Every structure is written in structure tokens, then in C-alpha cells.
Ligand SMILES: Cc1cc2nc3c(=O)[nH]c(=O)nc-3n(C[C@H](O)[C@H](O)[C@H](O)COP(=O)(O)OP(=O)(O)OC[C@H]3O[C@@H](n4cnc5c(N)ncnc54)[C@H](O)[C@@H]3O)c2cc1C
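Okay, so here's just one chain, in C-alpha cells, the form predicted alone.
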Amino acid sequence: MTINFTMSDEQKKLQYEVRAFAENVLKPVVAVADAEPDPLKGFQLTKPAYVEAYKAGIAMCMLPAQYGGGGVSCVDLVIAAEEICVVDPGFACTVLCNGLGLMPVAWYGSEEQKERFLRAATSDPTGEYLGGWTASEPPGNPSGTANFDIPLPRPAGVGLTAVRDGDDFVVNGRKYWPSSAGWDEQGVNSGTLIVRTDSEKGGTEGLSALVLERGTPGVTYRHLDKVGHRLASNAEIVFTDARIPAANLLPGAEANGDLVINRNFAWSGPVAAIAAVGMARAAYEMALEFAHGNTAGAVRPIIGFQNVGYVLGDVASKIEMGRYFSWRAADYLDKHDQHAELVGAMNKIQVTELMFDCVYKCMQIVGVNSLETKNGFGKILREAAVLPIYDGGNMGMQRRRVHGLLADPMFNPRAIMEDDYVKFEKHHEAIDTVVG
């Protein structure tokens, strides 16, 4: 029996259709939108392409089919995501955040909540519907998000509080970096919000998840200006006595907001990894074309020199490695009820960091000409630099999750090789969160 790495006819069709969208619909707007000095206007310039993606079934492809979504597998999602990420991973992030914001509803929500929120997300006649994932908080002392599962009460850990008051939660505090401010700095249509429902308990007991809806009184948004992923919306969100209905509490996430964060960033790990593959692929194809057409003052094109050929050969090999690891991690998600807290983290860490190096190696092959804006390498480098840092930072929660599992005396080091389910539980959290 063989291990099959061949895409099915349906997957090839999906790849072709998404590639056609990326090249024919998205690519024409990317350069102008990325160069727009006003970050919100730049994001808004992608709206027509997003509407086309929505109508084509791309924007909500990851949501369950029974609620109107595409119901695609994680492997299919990764195959499709690569084609968009080659053109612009920021736009791909907008689509990904539909999943980050709404998959927790599918995982932890009641049937009524699934019908209410997922059905609305998949049946918007305007095609403008956005989902949002709101977990990260501003830096400070104490503040930030990497140590969200620290086993200490406030002020350590997540600071956004949600206090029950009758039929509502009264929410106060700030979030920073979440997606998104929406098309008009009034917020996305709906999405998952991580809150502290018990300030006397640590992060493994005191966090929950609410669905935050557009138009909630007491919530203000400010679109952030960024170096990379400029075509994705990230925001500072301020909550001032905002009232969110208690009916928006995801029942499976009550006192389990920590597990929502870990599962979500494991689910998105292969997508972030394949985004890095897409960036490296774009840089590699440009560098290879350059090497075939430029002599650098020699007699023949530089592709004939050993150093150029060896470096590009290494880059091509690493891209294949990154792609197959991403497929493997996505396949693991599909086999294990969309849980891959270990494999998803390992995939995201290693591939995003490896592909960043590949992008820079391609720039070295092209030389000083890679620095000219019109040649496109600068944008690729900016985008590639984002990937190891965002979506659960590699030097924050991602490596810590791996560490937590490996430190378990019962951990089986051959589990991934044998395709066994590695269950991530609360006792795997909080490692490395308390200095000394």
C-alpha cells in the first residue's frame, strides 16, 4: 500500500479555479491597494475582490456544509490557500479569519447559535460578510496575550473582562491586533471574542468565548497600520461597558476559552504555513526567471554558476518540504476532528521560519535589484516576515504548546509518525508562563 501525495481531480479543479481567481481578480488590485498610504482605504480597495470570492464560495469555504458553508476539508483549504497566498497573503488572511472567527461557533456553539451565526455568514446577498477572531490584547505591563493561560488571576493574563448582569455580559477593556475593524471601522458582522469571565481564576479556568456582533453599543474600532499584510484588517478594539447578550456565550467554551485559543491556532497553523510556502514560491519563481535572463556582467546567464544553481535548488527543495508538511498537518486535522494542537504548531513554526529564509536567499540571488520596489521582492519579504510572528507567535504560544506536550511523561514521541491522536488538555498549558 502506498502513501498518496496525488491530488484528486476535484482538488486539481479547486486549485485551478482558485488560482484563476487569484491571478485574474485579486492580482490586478493588489499593487495599488498595498501602496495606498491609508491602511483602511487599502483594505477597502480589496472589497470587490472579496465579494467575488464570497460569491465563488471561497470566503466561507471552511464552514460546515450543513449551515451553508463550503464544507471543504482542511487539506482542500490548504491547497486553495496557497494559490491566493502567492498573490497576497493579507487577502488570504481576511478569508482565514472567517474561519478563525466562526469555526469556534461550529465547535463550541449550541445548535441555535450555529443556525443563527453560521447561516447568516453563508447567506449574505451582498457578499460582504466578514467573520472576526478577537483574542489578542495590547502590549504593556502586565498585558499582552502570549501568556493567556498563565495560572494566575488578574491582572496577569487576558485583561478583557465580561461580568454577567442579568441577560447580558458587561464587557470592559481593550483588544489589539484582532481581525478586524470591518470595511468601515464599525466591526465585522460576527466573530469569536475571548473574554475573562472570572478574574479570580487563572487562564485555564477563567476564560470564555462570546460572539461579538457588529453594532454592539460601547465598542469602538481603530484600523491598524502595518508593515506587512496591509490588505488584511487588524484593529484596536475598545470596550466601554459594552453589553453582549448572555445568549452569545458559546456553551462549550465557558471556562474553556484557553482551549478555544489553542485549537483555533492549531487549526490555522497549516494555513499560515502554506502562506509562507506561497511567498517562497513567488520569490523562487521570480529569482529563477531572473537567473535565466541576466548575466551580472558575465558572458552567460547566472543560472550557469554553481552558487546560483545550488541555492535555487535548495530553495526549491525546501518549498516542497514545506508544502508536504502543510498537507500532512491538514490531513492530521481532517483525521482527528480538527484537532492538531501539536502537529499544527510544529508545522506553523518550522515552515514559516524556513520559508522566510528561502525568500531572502532568492533576494541574494537577484542581488541589489531585488531592493527596487517595482521588482516585488520587498513586498514578499514584508509578507513573509509577518508569518512567524502572527497567528499565535512562534516564539510565544506555538512553541510553548509543543513544549507542554513534550514535557508530559505520558507523551508518545512516535505518535505523529503512527498517526495517533495527541490530545491536548489543560494540564499541558501554562508551561513557561511564570518566570522563576
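Values in this document were obtained by computation on a predicted structure and should not be read as measured data. For every residue, the number given is its place in the sequence shown, counted from 1.
We do not show the form predicted in complex with the ligand, though everything after this point is about it.
Contact annotation: K379 falls outside 4.5 Å of the ligand in the predicted complex, judged by heavy atom distances. Put simply, P178 is close to the ligand in the predicted complex: some heavy atom of it is within 4.5 Å. The shortest heavy atom separation between A146 and the ligand in the predicted complex is within 4.5 Å. In the predicted complex, no heavy atom of L406 sits within 4.5 Å of the ligand.
The contact with the ligand in the predicted complex, taken as any heavy atom within 4.5 Å, belongs to G396 out of G57, G396, P39, G68. For the options T352, N262, S326, T134, the one in contact with the ligand in the predicted complex, meaning a heavy atom within 4.5 Å, is T134. Look at 280-288, 137-145, 336-344, 103-111: in the predicted complex, residues with non-hydrogen atoms within 4.5 angstroms of the ligand sit in 137-145. Contacts of stretch 379-395 with the ligand in the predicted complex, defined by any heavy atom lying within 4.5 Å, are made by V386, I389, Y390, D391, G392, G393, M395, listed in sequence order.
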